[in-house]
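Only one chain is included here, represented as structure tokens and corresponding to the form predicted alone.
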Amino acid sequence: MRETFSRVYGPAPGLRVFRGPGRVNLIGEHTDYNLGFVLPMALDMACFIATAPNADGKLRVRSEDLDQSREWAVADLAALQPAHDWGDYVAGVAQQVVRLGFDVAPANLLIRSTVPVGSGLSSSAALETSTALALLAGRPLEKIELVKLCRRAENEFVGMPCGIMDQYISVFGRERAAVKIDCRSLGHEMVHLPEGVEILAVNTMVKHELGQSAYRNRVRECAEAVAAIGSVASLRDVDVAMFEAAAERIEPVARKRARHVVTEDARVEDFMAASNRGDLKAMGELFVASHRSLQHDYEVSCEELDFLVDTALSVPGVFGARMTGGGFGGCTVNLVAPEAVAAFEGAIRDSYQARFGITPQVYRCKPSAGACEVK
């Protein structure tokens, strides 16, 4: 990467490299913006940003993967408006850095990412966290404030009303562990996964356009359910018994959305307990229950995701499978016995190719450390 940087921008003796990981969410889907529980892990797939100062008053950014460049005068960062392309993630973070009272020094940035875009593995948060570290360049900022900065960039500049999970796990990831995040208190605890299981993500290689509008609709529908229940601030405050008692007061579509969120929060707690006792069978069953809830109650799955889940569950040695991420494409996440991984990969690729004419990508997921400088 350092050689590529020199070819693009010239010699850079002060070059530094920063890394922000993607993530896979094991369970707890669409609960983060409802202030509930999630259980993601950071990945070894990551976004890397090489940066060095320049002398022309501009923030220059080049994406090696997209073969595209963007630039802004640092004096204009506070007043930037979104251009509705990939550069918004960088510009939005830069603007938030300025709003925190830090100067953004003129610099050249080179981006290289191994997180597949549109896969549901959070390439955007990986870009945001690595950008923030590059622009802060070692200046002190507490980890949780870094998380909030990156989330504000996506909410306020990019315009996506996401919860805090993706940025949080990209910063707080830990090797050999998943992280349970309380999206209300912003506390977390490490969850060490049992031996005897591999975590594999399978990319549908599709992303249906419905995803953007549907996400905003789900946020609104959950708010409608909260208003109908009354006496609660969010669906986080609703347990299964309370939901059942109030269900008839909730409009049918909002009722389905709320049922998913309430039962999904419970599944996160149950999954942690199963993981702690090494119960792979129960962990797999919770994966499947989560997917069916997302498929039928939250209605964010799609034909390709359902096919991958159903196919996975037919393969010996698969404990469970579910969609992960926002939905309407992206990835499934699968719990697979180590001795069954090769057969699983072959069956998934062959079946999906035969059904859709597309070869899916399969990623072996290893829990990774959070965003940092690469020495």
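Everything numeric here is computed off the predicted structure, so don't read it as measured data. Residue numbers run from 1 along the displayed sequence.
From this point on, the text means the form predicted in complex with a small molecule, which you will not see here.
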- [ ] Although the small molecule is absent from this view, report whether residue 163 comes within 4.5 Å of it in the predicted bound form, heavy atoms only.
- [x] no
- [ ] Would you please decide whether residue 157 lies within 4.5 angstroms of the small molecule in the predicted bound form, comparing each non-hydrogen atom pair?
- [x] no
- [ ] Answer with yes or no whether residue 118 is in contact with the small molecule in the predicted bound form, where contact means some heavy atom within 4.5 Å.
- [x] yes
Open item on the list: Contact with the small molecule in the predicted bound form for residue 66, defined as at least one heavy atom pair within 4.5 Å: yes or no?
Closed with: yes
Open item on the list: To test your reading of this chain, name the stretch in 82-90, 222-230, 243-251, 298-306 whose heavy atoms come within 4.5 Å of the small molecule in the predicted bound form.
Closed with: 82-90
Open item on the list: Going by heavy atom distances of 4.5 angstroms or less, which of 171, 268, 111, 201 would be at the interface with the small molecule in the predicted bound form?
Closed with: 111
TODO: Counting non-hydrogen atoms within 4.5 angstroms of the small molecule in the predicted bound form, say which of 275, 290, 124, 96 makes the cut.
DONE: 124
